[in-house]
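Only one chain comes next, encoded as C-alpha cells, the form predicted on its own.
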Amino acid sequence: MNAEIIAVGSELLLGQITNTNAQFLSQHLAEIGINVYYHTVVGDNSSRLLDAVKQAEERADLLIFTGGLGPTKDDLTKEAIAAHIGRPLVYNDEALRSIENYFKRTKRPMTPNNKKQALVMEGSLVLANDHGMAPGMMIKGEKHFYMLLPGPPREMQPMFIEYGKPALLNVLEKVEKIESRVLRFFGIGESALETEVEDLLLAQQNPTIAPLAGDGEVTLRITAKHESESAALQMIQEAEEEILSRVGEYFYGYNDTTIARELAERLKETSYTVAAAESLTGGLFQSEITAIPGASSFFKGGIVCYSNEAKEALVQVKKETLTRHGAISAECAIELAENARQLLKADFGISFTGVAGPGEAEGQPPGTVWIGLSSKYDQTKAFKLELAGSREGIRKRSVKYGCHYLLAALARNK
C-alpha cells in the first residue's frame, strides 16, 4: 500500500506552525510497511483541496488528511472529501455526547457550530478523539482508502496510535517491516563518497541506499523492507558491510549521533583525557564537548586565547613564533596544542587557529584553518584546512575536523 499525507491548513503555508504531523505519520506508516512517497500541504480552500486529492489519487492507495475537522467555516476537510466520494455526513451520537459533556463540565455555552464536529461520513469507521472533540474517520471509496485525522498533534498522535494504525493493519493483506539505518561519514565529500559506492546505488532495489550531505558531513541511509524484521536487518547489515569495506575509514557513527558525541564515547572507553586551546573557534569545541554528560571524566579544561597577547600569557606561545610565523600557522597551532596538553596535564591537546572571515587576517583568506594535535604517544602534528562558507559554518566545521583528527588518533593508540 502506498500513502500520501495531505496536511490541510493555511497556517502551515504561512509558516505559522510546522508540519510535524507528516513526520510522525511517516515514521509509523513505515513500521507497518506502508510507503509514503509524497507529503502535500494545502490551504483552507475547497477547490485547491480537491485538486490535491485528485492528484494524490493518481499515485497513492491511501490518502491521510490532517486538519480541517474543527467547528469553524474554514474547517472543510470532511465536507470536501464527503462530497468528492459521494457520502453524506451524519451525526455520530457518541461524538456528539462527548462534545456536549465537555461544555457541561467546563460550564461554557456550546455554540451551534461545535455540533459540526460530530459529523462523520456515513459508513465510515469512526476514530474516537480521547484528547479533543472532533473524531477522526476512515472510509473506503471505490478505489482508495481515506483517513481523516485532527490537526493538533496532541489529538492526532494518540488517535492514530490507538485507532488509526490498528484500522490500517486490518485492511493490509501483508504487513511488511521497513527498517532503516543511517551511516554517518566525515572527512569525505558527497561526490567522492558517491563515486566509491556508485555501483551499489545504481543496482539498488531492496535494500535502497540514499546519500545526503549537510553541514560538512555525509550520510548514507540504508532502508530494507521485509515481512520479517530480522531479515530486513540482515539485509541492512550486508549492505553496510559492503559500504564500510570501501569507505570505512571515514565512518564514525549511526543514526542521530554526532561526531562530538562519538569522540566523547571513545575517550570514556579509553580513559584518555584531552585539553584545548582555541583561538578561531572561541570555545566552541569546549562547548560541544562539555555539553555531553560525563565530560568531566575526560575533559581537563580549555583556554580561549583569541588575541596574540592571550596566546602568550595564557598558553605560553613564544613571542618569536608569533612574530616569525604569525598566529595563523602550523607553528602556532603546534605550540598551542602542546602547551595546552602540558599545562592541563592531559593525554591529548588540541588547538584551533585561523581566520573565519569575513575579511582576511595576516594576509590569509577566510577559511584558512590550522588544527594542532599533541599527545604523549605521538609526534605533534598540525593540519591545514581551506574551508569555504559563512563565518559560523567555518567555525563549526573546524570543530568537527578537530573531533575527526582526535578520533583517528585514539584509534591509533588503542
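These numbers come from a predicted model, not from an experiment. So that the term is clear: the rigid core is the largest set of C-alpha atoms that superpose within 1.5 Å between two forms. The first residue of the sequence shown is number 1, and the count goes up from there.
What comes next is about the form predicted in complex with a further copy of the same chain, which does not appear here.
K.L.:
Tell me the stretch among 44-52, 347-355, 372-380, 61-69 that has any heavy atom within 4.5 angstroms of a further copy of the same chain in the predicted bound form.
P.N.:
Going by heavy atoms within 4.5 Å, the stretch is 44-52.
K.L.:
Let me know the one among 159, 82, 260, 303 whose heavy atoms come within 4.5 Å of a further copy of the same chain in the predicted bound form, would you?
P.N.:
Contact residue from the list: 303.
K.L.:
234, 270, 321, 290: which sits within 4.5 Å of a further copy of the same chain in the predicted bound form by any heavy atom?
P.N.:
None of the others qualify; the residue that does is 290.
K.L.:
Please check if residue 114 has a heavy atom lying within 4.5 Å of any heavy atom of a further copy of the same chain in the predicted bound form.
P.N.:
Looking in the predicted bound form, residue contacts with a further copy of the same chain include residue 114, since a heavy atom lies within 4.5 Å.
K.L.:
Given that the partner is absent here, does residue 145 sit within 4.5 Å of a further copy of the same chain in the predicted bound form, heavy atoms only?
P.N.:
Judged by the heavy-atom cut-off of 4.5 Å, residue 145 is well away from a further copy of the same chain in the predicted bound form.
K.L.:
Please run the contact check for residue 131 against a further copy of the same chain in the predicted bound form: heavy atoms, 4.5 angstroms, yes or no?
P.N.:
Result yes; residue 131 sits at the interface with a further copy of the same chain in the predicted bound form.
K.L.:
State yes or no: in the predicted bound form, is some non-hydrogen atom of residue 395 no more than 4.5 angstroms from a non-hydrogen atom of a further copy of the same chain?
P.N.:
Yes.
K.L.:
Taking a heavy atom within 4.5 Å as contact, would all three of 36, 40 and 106 count as contacting a further copy of the same chain in the predicted bound form?
P.N.:
Checking in the predicted bound form: 36, 40 and 106 are all within 4.5 Å of a further copy of the same chain.
K.L.:
What residues in 5-28 sit within 4.5 Å of a further copy of the same chain in the predicted bound form, counting heavy atoms only?
P.N.:
Contacts from 5-28: 11, 12, 13, 14, 15, 16, 17, 18, 19, 20, 23, 26, 27.
K.L.:
Relative to the superposed rigid core, does the CA atom of residue 405 travel 2 Å or more between the shown form and the other one?
P.N.:
The answer is no, as the C-alpha of residue 405 shifts between the shown form and the other one by less than 2 Å after core alignment.
K.L.:
Quick one: core overlaid, is residue 131 moving 2 Å or more at the Cα between the shown form and the other one?
P.N.:
Shift of 2 Å or more: yes.
K.L.:
By the 2 angstroms cut-off, has the C-alpha of residue 50 moved between the shown form and the other one once the rigid core is superposed?
P.N.:
Yes, because once the rigid core is superposed, the C-alpha of residue 50 moves 2 Å or more between the shown form and the other one.
K.L.:
Pin down for me whether the residue 52-residue 210 Cα distance shrinks or grows in the predicted bound form relative to this form (closer or farther, change of 3 Å or more).
P.N.:
Distance between the C-alphas of residue 52 and residue 210: longer in the predicted bound form, by 3 Å or more.
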